[in-house]
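Next comes just one chain, in structure tokens: the form predicted on its own.
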């Protein structure tokens, strides 16, 4: 069935498995959208394909007999409906088709499943630019982030999940002859083992990263033999619909039921996520999104659940070599995609006596002003601002930023709408900065999604560390940035934040930022605090999707 694909992609799989172990830089899909890599006309053709989708039915899916057609997406750049309509199916239909497909898919050998899935990523690669424009106009990400995050970075995360699942399912021999010496005779048994998938899997996507956050769970379930129902956020369907279409085509070409991977969309008058999640036939759920709904997903009985929810991310400032470089780096981090990233920093802990800069103490007020000036400089840079900030995906985020004064702190920097030279109607707002007292924990102990910086004045760095670790333990954190030139302080931060299940980036300046996670090297979310119960991609992310079952019988003769 997939023998030719197994041969075609074995080197890729072997290289990806090796990269999992080495944790050094590895990227199978180039992140730079250059004509030399992707072709002279790739960008133009991708834009034209995206444009041709507008106000039309998305008819690429190999899912027959839709009950209706539905679509709810709007462009944050143009604030107009995309008009793309997707086939709607009831949860009963989706689950019934998944169950039927399950019994075919689970019998495909792991190596062949992995090869089929790698082939789907190769097909996805030919559509990176189309996916980029679809991502721009559903999420508000700027063009470069849309291309990288939804294209090559997502594909690498998917490949990472495939490689991890492939390795875990081929870790042990399929069979062996077992012999136990008993003195005058030996006991002999033929033993064999099967990795048995758990069943129908549901992947619930988010509105801001519709492929990057969806494909790890999607491909982890598929490679381990589980059929998948992909349920995107109703405002960000098109990018992942393209990916699902490519998976279905490769399945069909290899004689397999395309319903092994289905797209499920909400109708305007029928939201189906809870119906799908609560169905007892759904055994696996991957979820990315807000904490409240994530807690509900985690509470469901009889499910194996993988969640990434909200976190309260911190920056700890103690001592630096170059404050200007640090301020520029942090300004970029809070401005990137207007703070609409689960890794974006929110709480900035600064000692009341200031911080050491090259041996000199810079007062607290001056540190705060440096941060504000760096943000203002970036926002007002016409060549950088629009490309870094992008647009706001959800109008509620704009309202949250504009209403940030209700936090009760002292305003250091208030928001402004800034103009995007390419999109006059873009929904935008710039970062705000508010100072809040360390004693007012309520004001900074929840995620304020969007470009909101809270400056928290602490007694000293020890209190900064204590508060940052408390926030992570109690409310979750997905990232933490720390700046110190003192090895003892660094060790204390590492110790406290590791106990709080939070990764730390130390002393970042220049072109690397606390927001970024690299496939095959960085574990995204640890599963060790309330921000999520899973991490992609570690072994647990795949081994909980199947069960080892053994068979044995005496050797005859």
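Just so it is clear, the structure is predicted and the values come from calculations on it, not from any experiment. Positions refer to the first chain, counted from 1.
FYI, the form predicted together with another copy of the chain isn't displayed, but the following is about it.
- In plain terms, the part of the chain that comes close to another copy of the chain in the model of the complex, with a heavy atom within 4.5 Å, is 189-197 out of 189-197, 235-243, 311-319, 81-89.
- Of the candidates 421, 358, 181, 280, 181 is the one whose heavy atoms come within 4.5 Å of another copy of the chain in the model of the complex; the others do not.
- In the model of the complex, another copy of the chain sits within 4.5 Å of a heavy atom belonging to residue 177.
- Another copy of the chain in the model of the complex is not approached by residue 143, whose heavy atoms all lie more than 4.5 angstroms from it.
- Within this chain, residue 8 is remote from the site of another copy of the chain in the model of the complex, having no heavy atom within 4.5 Å.
- Although the partner is absent here, residue 69 sits far enough away that none of its heavy atoms falls within 4.5 Å of another copy of the chain in the model of the complex.
- Of all the residues from 244-283, none has a non-hydrogen atom no more than 4.5 Å from another copy of the chain in the model of the complex.
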